[in-house]
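Just the one chain here, the form predicted alone, laid out as C-alpha cells.
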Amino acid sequence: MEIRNKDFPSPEWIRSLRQRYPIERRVDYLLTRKMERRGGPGYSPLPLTTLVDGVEALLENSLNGARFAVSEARWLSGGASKLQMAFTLDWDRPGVGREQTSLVLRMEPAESIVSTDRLREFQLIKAFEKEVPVPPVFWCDPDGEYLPYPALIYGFAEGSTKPKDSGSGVSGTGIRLSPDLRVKLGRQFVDHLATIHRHDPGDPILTAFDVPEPGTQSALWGVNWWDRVWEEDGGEEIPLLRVASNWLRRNLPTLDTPSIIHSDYRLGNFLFTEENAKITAILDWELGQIGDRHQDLAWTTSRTFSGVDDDGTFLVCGMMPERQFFDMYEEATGYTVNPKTVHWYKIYNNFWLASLLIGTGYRVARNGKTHQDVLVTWLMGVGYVALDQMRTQIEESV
C-alpha cells in the first residue's frame, strides 16, 4: 500500500501525482521541486552578508568583470510569500553610464505559500517593458545557483498603490479612490489590460511558458494544477473542494484565443502618481500565464477588490461599474466577453484561492518553511471566505 506522507513525500507518490494531474511543464517542474525539497530544513533567518555575497556572485557572472559595488543592503517588509532585500548598486548602467541604482532582491523562502517562478516573472516583465508600465528588471537566478533561493533583481518605480488619504487592508484591499481618480486611472487600467491580453503569446522571450491549444486544454491545466496542490498540501478533507473540482471539470469553457494573463490584475497591484493620475508600474506578475482572458476578467471584477460610489453602486476595483468595465474592455481589445465563461472563472478563482490558502498555507506554516508564518496562518481564514463564495457561485450556476 502506498504511504502518502505529505511532509516527507516519496518519489513514487510524487511521480503518481505528476501522472494523475498533467499540467504545464514549467508549473510541473516547480511543484515537483517543491515536493522533492519538502523534507529538507525549514526557513531560518539569513544574514544580509550571505545575500550580498550571492548578489555579488550573480553580478560578477552577469557583468563580465565590469567594476561594481553593492552597498546599503537592508531588509524590505511586506509580501506574504517572498523575501526581499533592498540595496544600492554602483555600476556602469548600459545606455546611462555610471550610476547608483536602487534595487530589490526578491526571493522564495524555503517553501512559499504559492510556488511561482522567478524566470517566468522575469520574462513577462521583459516582454512588456516597452508596452505597459512595469518595474525595471535586471537579473534572474531562477534555480538559486548564486543565492540561497531562486531570485530576481528589479528596480524601483515611482508612485504609490493608494492615495495619501486612503487606508488599505491586506494585499491592497479596501483602497478608496476619489471620483476624479476613478475616471483618470480607470481608462489606463482597462487599456493596459487590453494590451496585455493582445500581446503575442508566441513571443520568443517567453520560453518558460506553454501555449495552450484552443479548446479546453487551458482550463483543464488550471483545474489539474490546483487539484494537485490540494493533494500535495491539504491537511484536512473538504468535500466542497471535491464538488467544485467535479463541477469545474464537467463545465470546462472553450478557449477561443490564447492570451497572456496577469492573474492578479487589480487595484493595489499597480503604482500611480497621484498628482497627475498616471499609472507608473503594474506589479506582481508571479502568477502570470498564457490562457483564457476571462480568468483575468473574473478576478478583476471580484467583489473582494471592489468599491462602491456614494449611491452604493458596485465599482470594479473601485473605479467603474462592471458593465462599463466590460464595454471599455471589448472596445479596447476587439474581443467579446462571455458572461458564462466569466462566471466559470469566478468559481475557478475561488477554487484555487481556497486550495492555496487552506492547503499550502497550512502546510508551509506547520512545517516552518516561511518567514511569514503568522500572516500565512491568518490568511487561511480568508481561504474559507473564498470557499463560501465558491459555494454560492456554484449554486447560482445551477
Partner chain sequence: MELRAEIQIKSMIKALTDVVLPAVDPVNQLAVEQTRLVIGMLSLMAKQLPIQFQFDRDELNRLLGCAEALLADRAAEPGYANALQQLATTHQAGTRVLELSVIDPATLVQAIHRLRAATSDVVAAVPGTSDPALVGRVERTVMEAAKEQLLRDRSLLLPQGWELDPNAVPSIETLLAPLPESP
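Positions refer to the first chain, counted from 1. All values derive from a computational prediction rather than experimental measurement.
The form predicted in complex with the partner chain exists for this protein as well; it is not shown, and the discussion that follows is about that form.
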{"property": "Three-residue site E322, F326 and T333 fully in contact with the partner chain in the predicted bound form at 4.5 Å by heavy atom", "result": "no"}
{"property": "is_contact(R98, the partner chain) in the predicted bound form, heavy atom dist at most 4.5 Å", "result": "no"}
{"property": "Residue contact check: N246 to the partner chain in the predicted bound form, 4.5 Å heavy atom", "result": "yes"}
{"property": "Partner proximity in the predicted bound form: N350 to the partner chain, non-hydrogen atom cutoff 4.5 Å", "result": "no"}
{"property": "The partner chain contact in the predicted bound form: S16, any heavy atom under 4.5 Å", "result": "no"}
{"property": "Stretch in contact in the predicted bound form with the partner chain, which is absent here, among 361-369, 342-350, 26-34, 51-59 (heavy atoms within 4.5 Å)", "result": "361-369"}
{"property": "Position in contact with the partner chain when the complex is considered in the predicted bound form, options G202, G235, G215, P179, heavy atoms within 4.5 Å", "result": "G235"}
{"property": "Residues in 374-398 with any heavy atom within 4.5 Å of the partner chain in the predicted bound form", "result": "V374, T377, W378, L379, M380, G381, V382, Y384, V385, L387, D388, R391, I394, E395"}
